[in-house]
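This document opens with one chain alone, in structure tokens, the form predicted alone.
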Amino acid sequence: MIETTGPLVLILVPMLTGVLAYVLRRWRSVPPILGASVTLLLGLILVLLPSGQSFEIAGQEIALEQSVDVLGRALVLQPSDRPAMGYLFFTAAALFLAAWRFDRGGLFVPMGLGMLGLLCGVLVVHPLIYAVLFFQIAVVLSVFPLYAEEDTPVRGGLRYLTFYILALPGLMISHWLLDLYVYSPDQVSLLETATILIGFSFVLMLGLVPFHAWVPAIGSDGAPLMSAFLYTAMTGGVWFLLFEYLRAYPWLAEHGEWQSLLTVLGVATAVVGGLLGAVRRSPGTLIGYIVMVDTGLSVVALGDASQRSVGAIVLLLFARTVGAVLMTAGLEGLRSKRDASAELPDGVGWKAPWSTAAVLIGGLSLVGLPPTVGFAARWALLTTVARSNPIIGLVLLMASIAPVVGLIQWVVKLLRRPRQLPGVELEEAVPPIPSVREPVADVAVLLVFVAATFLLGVFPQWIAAAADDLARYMALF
């Protein structure tokens, strides 16, 4: 019999809570509150419980650091896994809190909890080949809440699923090649092939140019909160899995073209995301392009191969969560003011001013403008890059600012009064703007995230310390 101790608890509790949330989904408010409470509690336990100390629940003693064998596979919670899991749990808690007021599909919280349990499994299961399988199962689950609403295009989800499935064979085959290399160390070609396959797989999963088509697409036609989950928790899972690979196989970073290749891919991804973000007025697509800029910056910083660069990457990931949750919650608030099949009409921002403000502030944080939390994270990463190459740092700075143009254009559309055409009554010229007031609870939730955006922007050391701890535990380079 499997003992419910060790890191197995961190996998089973979210998944079992997800099953309960699915059963209780007819009561709209119960699953989000339940999911947010459980994930917040687990995150606090990981962050506040001293290493090596156990705790007791219902007469069962839980020791998180105790290794557990499940079907011959080891589940081990290492020091670096605690802050990484803490990030996943706190991110999920924030998204579930937003779902309490802004989730219309009903599947986001149950599926999100199931995916969260699988992401925890990615961090603790050994060997890494099983972590890859856990991650792929989480990817498949994500498609259901992404398109829970009827009559929505599924182009983005299909692209997302396709690219991640294409990444699976490379990671699987690379493990087989590495096993062969153990018995034939003179066959250096096996090591080179494994390096190429692992690198190509992570290029697909991170959405680097030219394999970036799924990144803006899921923001364009997917459910906003689920898109935010993919851009934050799932993308964080990809980065943590990459860190695990770099720690398990240090020769990956010792390749002669490591820094040059990452610089080219990162700069290309950031520039493409910045330029396309500047000319896009769709808010979901805009979020995707801003995420591309973030990813490009992070990849360039990773090429620096230092603890400082890893800390900057993690800090940017932390900051992205706040902006993405705020912007997507505001977008859900705006979408509730129009018909399911209609576009947002001009001037709808005047009927939902708090949601409009949330989209604007969240977007400014994602872009990295002061005094939001995104500015502190972007600045830390840009200065890290500029230390080694000022020209590339300047190019990345311009790419970072470019999406502000697209954000401003879209906000102007929200606030633009419908124009009356000559000889046509105003009511006939444009669809009427729904006269719906924003509920007090919706505004309260948005204000919580607005306060967090500015508070963490003024005091970024609160999350910077956690990012530095995670980078120190990783000890990649």
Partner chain sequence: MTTILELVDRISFLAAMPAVGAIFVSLALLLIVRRWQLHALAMAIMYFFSALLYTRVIRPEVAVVKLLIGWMIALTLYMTGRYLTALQEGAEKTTGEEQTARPPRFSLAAGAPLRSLVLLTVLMVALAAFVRFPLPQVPGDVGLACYLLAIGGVFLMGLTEDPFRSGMGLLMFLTGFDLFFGALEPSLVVAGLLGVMNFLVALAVTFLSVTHAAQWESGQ
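Numbering follows the first chain given and starts at 1. Remember, it's a predicted structure, so these values are computed and weren't measured experimentally.
What comes next is about the form predicted together with its partner chain, which is not displayed.
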Sole residue of 308, 159, 101, 247 within 4.5 Å of its partner chain in the predicted complex, by heavy atom: 159
Which of 195, 136, 78, 263 has a heavy atom within 4.5 Å of its partner chain in the predicted complex? 136
Is residue 140 near its partner chain? Define near as a heavy atom within 4.5 Å, in the predicted complex. yes
Contact flag, residue 202 vs its partner chain in the predicted complex, heavy atom cut 4.5 Å: no
Give a yes or no for residue 258: in the predicted complex, does one of its heavy atoms lie within 4.5 Å of a heavy atom belonging to its partner chain? no
Looking at the partner-bound form in the predicted complex, is residue 165 within 4.5 Å of its partner chain by any heavy atom? yes
Counting heavy atoms only and using a 4.5 Å cut-off, do 181, 188 and 317 all touch its partner chain in the predicted complex? no
Among 128-136, 349-357, 289-297, 318-326, which stretch has residues whose heavy atoms lie within 4.5 Å of its partner chain in the predicted complex? 128-136
Which residues within 69-88 place at least one heavy atom within 4.5 Å of its partner chain in the predicted complex? 71, 73
